[in-house]
Each structure stands twice: as C-alpha cells, then as structure tokens.
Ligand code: GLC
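To begin, one chain is listed below as structure tokens, in the form predicted alone.
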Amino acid sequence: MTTTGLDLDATTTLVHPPATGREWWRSAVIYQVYPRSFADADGDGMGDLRGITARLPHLVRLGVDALWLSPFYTSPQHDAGYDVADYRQVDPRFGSLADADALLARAHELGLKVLIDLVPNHTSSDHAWFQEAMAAGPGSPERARYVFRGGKGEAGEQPPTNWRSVFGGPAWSRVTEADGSPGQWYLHLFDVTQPDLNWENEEVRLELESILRFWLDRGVDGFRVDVAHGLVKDQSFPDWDHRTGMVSGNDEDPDAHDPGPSPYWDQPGVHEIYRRWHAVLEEYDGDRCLVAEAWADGPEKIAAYTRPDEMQQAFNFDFLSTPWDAKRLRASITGGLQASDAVGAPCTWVLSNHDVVRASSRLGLGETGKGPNGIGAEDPQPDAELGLRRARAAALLMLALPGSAYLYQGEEIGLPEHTELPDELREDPAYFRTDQAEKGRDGCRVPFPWEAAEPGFGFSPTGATWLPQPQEWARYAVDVQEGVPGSTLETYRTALRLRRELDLGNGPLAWLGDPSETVLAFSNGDLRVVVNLGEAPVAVGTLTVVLASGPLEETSDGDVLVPSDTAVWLG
C-alpha cells in the first residue's frame, strides 16, 4: 500500500490562542457517572451512591479532574431519573442525603470536583406541584406552574398545537378534571410523565434558584443542565410541522420542507434564566460551574450559552456528531474553538454520553456520525475491532484539544454498546413511544464491568445487574486491562497524565499544513498530533513518539509510520 508523507514543519494556521483564565473548568476532564450502572454496594442490581463512593479511587488513578453524576433524585424512574419528583431528596434506590454528603466529602478529599445533573425543563408527574395542579383545576396558581392550555375544536377535544414529543407521539395530553369531565391539555416535550414547567412563571424561576442553592450549600461544584435550550416556549403557541428531535433545525430529511425555527428549542428567553443562575453561583466561592446540554444550529448559537454572564461550558455536540472524516472534523474543531473564543469560554468536547450509541460502536458502523438511537440484534452490527481502533484514536484527538473534555463511564476501557439486548428488557421510553421503531438508549447504559471473573463482572456483590451484561465484556473489565501496556485503560491513563503535565487544556492550537482528505495534523504548544483517518499509512519523520492510540510501524529509514485509524502524539 502506498505510504503518504506528512510535513510537520509546514505552514501553521493558529486557530486558538493560549488560555488566559485559570478557572478549573476551563481545562478540566470530567467523568460522567451514570449512577444506576456504575457500582452497586447493596447487591440489589441497581447502582447506588455508596457504590460510586467506593469506586472513586478508579477516577483518581484514571486522572480526571471531576465527576458528573446523572440524576439520583427521588423519581418513579419512567425516564431513568430524568423525571424528578423531589429535587432535594435522594431516591431510596440510590441511597440517602447522608450518602450524597459522604460522596461529596470523599470526592473532595481525593481532589475531585463534583457536578450534578439538574432537570429544569420538566418535573415528574409525581412531583407535588403537578399533583397540586391536577387537584386545583383550570386558572389556578398551581396550574400556572406548568404549561396547561385549552384544546382546539368545539369541545376542546384537539390538542392546542401539533407539537410532537421527542420520545415519539403527541407532546400534549388531556387531563380529566376533578368532576370527571375532559379538561385542559398539558405539554410534555418528553414522556407523558414529564410535564413541562412554565418558565414564564416567576415562582418556577425562584424555586429552581432555591434548588441550586440547596445543592451548592451541600458543596457541589456545579451543575450539568438538562435540555438547557428547551425551557422557554413561544407564547403564541404556533403549530410547527417538524419531526421530534432535540435540535432546532430540520435534519430528518435534507429534502423535507423547512418549517423554520422551533417554537420551543433555543428561544432567546432562556439566556435571561442563565444570567440569573450565573449570579446565584457568583454567591459561592470555588469557581462553580454550569454546563449546558444545549442542541442548537451551529457552534455560534451553542456558544451563546457561555457568554461571560451566563454558563461556563456547553457541550460541543457538533464534534460528537461529525462523521469520521478529516476535513469535516477539522472544520468542526475550528468552528467550535472560534465560536467559544468569541465569548471567552472554553470549548467543551464530548464523544459519548448516556443518550447516544457508544463511540466504540458508533465509529464501527458503515455510516459514522451521531448514529442511530440505539442498535438492536436485528440491526446492522458495528465492526467491533474497527470501532475500538477509531475510538482510541478519537480519544487521543479529543484529549489533545484545548478546552474541557467529558468522558462517559466505560470509554476508558473501550466499552462497546450492548447491541443484542433483549427487547423485553428495554426501559427507555423512546422505545415504547416510537412503537419500537427506535431501540433507544438502554444499550449504552448497561452496568459497568470491573472484575472479569466475578459474577456481574464485579458490579454488584451479589452479581445482580438491572440490565444484563454481554459475556464478551469480560475482556473489557478493568482488572483485565490494569497494568497492561497498550490497553485502552492504560492508554487513557497515560493520555490524561500527559495532558495535565503538558497543560494541553490551556494550550494554543494551530493546524499544520493545508486541510487534508485523510489526515488531521496540529500542534498544541510543543506537542504535535497526527490522526490518520485514511487507508494508507502516513510517514511523520523521526520525531519522538510520546503516545500512540495503537501500534505504529517504521520505514527502513527509521521514519515513524502512522497506520490507518490511528492517532499519535509527537514531541
């Protein structure tokens, strides 16, 4: 196969200057813990806070700066805890407030910051406020906390708008009033058990600010804000002929009619909410942090959430969604950095989370990018070897970029999606509300494998797991990879150590040479990074190899050769 040569002394294009601010969140690597699937201390098969606390040393050895906990609040768990019934209590499945305090104390003792999830767009229908709204009736202050509207038609029998739920089906449900008559409709952009709060209501705004203070007083270092772009709705409530999705543009069918901007995603009014939240965090010391889960059209609109008086971070989902293509990744990285730099914020990189197919499987599909909403046994299966090779290269790419980065539990061991999960065990509401057309997100939420020879791979002392683990996951277990040179775990540990030593999170980024069809090459300070996304090996000269995502080759002249789907850090 023909070898391509790469001139690493080519003209550079500076796209991002060194960081001047030194707040911890500007360069942090933050590890997402999905509580029900990380570690189970009591043996019931469901992960819990005491299990997480016991496994915190793993995060220290890995080398991350902080952890983000997905919801652990009181909840009926219709949407895995994103349906909150009480924001100030821990669900008994996960433990108690005392367990939360102990986790925070231990994490801080180990030098880890802690972010927790906040779900402000909607509550659970079990929340006391919604129960009061149902009992109080139309026109009441209790109903004014949510989005209730009369229906269309002679008897109000049609929903107020044609809006559709993200999880499939209509976004409105009609209630039966106390006297037994058909009544108003309430909005739920997600599951029917997740009524949307009315953010036009000052009582709602004050309550969420009170919840922020409740957890800040307990010592949390910040919040990941769920559906940050979805709180404010167009108060004219227009119909909107569009698919159900979190993004504001129309990406279902490139030839489909463009219905225009969404009346409920990325409305201008959300920014005033976050300016108020910013002021709340300013009351506390320690550089507290807000990170937006915001899907919007383009990096500039995402960056708007991180203007100096709003949030500190916003996930760069464009990077996650970009196909495995050198030119497109270069454009995504450039766009993300420039948009963030324009508002003085760090770019926040992410490859996986609890809502998408895991990167090591997604990158092994015939079509890369954001991927499908879940993979089932009857669907085209990823190429596991190819996917892992690309995921390791993508990790070294991401961790060499300036800014902050998020890792989803299991990324550090190369964990793939569970693509053959039996349908009868699925819990994601998206699976049911799409009439099983989408497999949903359960496959990326399967319990973590710690010890290969233990029942349940060490997740639980009894071996119980709330979702079954594939037997082939034994080879990904932490204890199998521990201390093994070149293993995915040890590669991550080395990358994170070097990232900190070389201060890559605060460094400048300059592209080396012109855009290539197959290769990404850039510098971050004195480090040079090459990612080969093409088929032919790439010769990079005789520079010192600092770290590589996979085995390298060498020419007869001693030049380093970077094989296909491999990343290398060079000194």
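In this text, all values refer to a predicted model and were calculated from it rather than measured experimentally. Throughout, we count residues from 1 along the sequence that is shown.
The same protein has a further form, the form predicted in complex with this ligand, not shown here; the description that follows concerns it.
Looking at H354, you'd find a heavy atom of it within 4.5 angstroms of this ligand in the model of the complex. Proximity of D318 to this ligand in the model of the complex: non-hydrogen atoms within 4.5 Å are absent; the residue sits far from the partner. S75 falls outside the set of residues with a heavy atom inside 4.5 Å of this ligand in the model of the complex. At the 4.5 Å threshold, heavy atoms of E293 reach this ligand in the model of the complex.
Here is the short version: of Y264, Y186, Y492, Y82, the single residue with a heavy atom within 4.5 Å of this ligand in the model of the complex is Y82.
Of the residues given (F130, F190, Y406, Y476), F190 alone sits with a heavy atom within 4.5 Å of this ligand in the model of the complex. Residues with any non-hydrogen atom within 4.5 angstroms of this ligand in the model of the complex fall in just one of 174-182, 223-231, 339-347, 136-144: 223-231. Within 4.5 Å of this ligand in the model of the complex, a heavy atom is found for none of R50, K113 and F448.
Residues of 151-186 placing a heavy atom within 4.5 Å of this ligand in the model of the complex: F167 alone.
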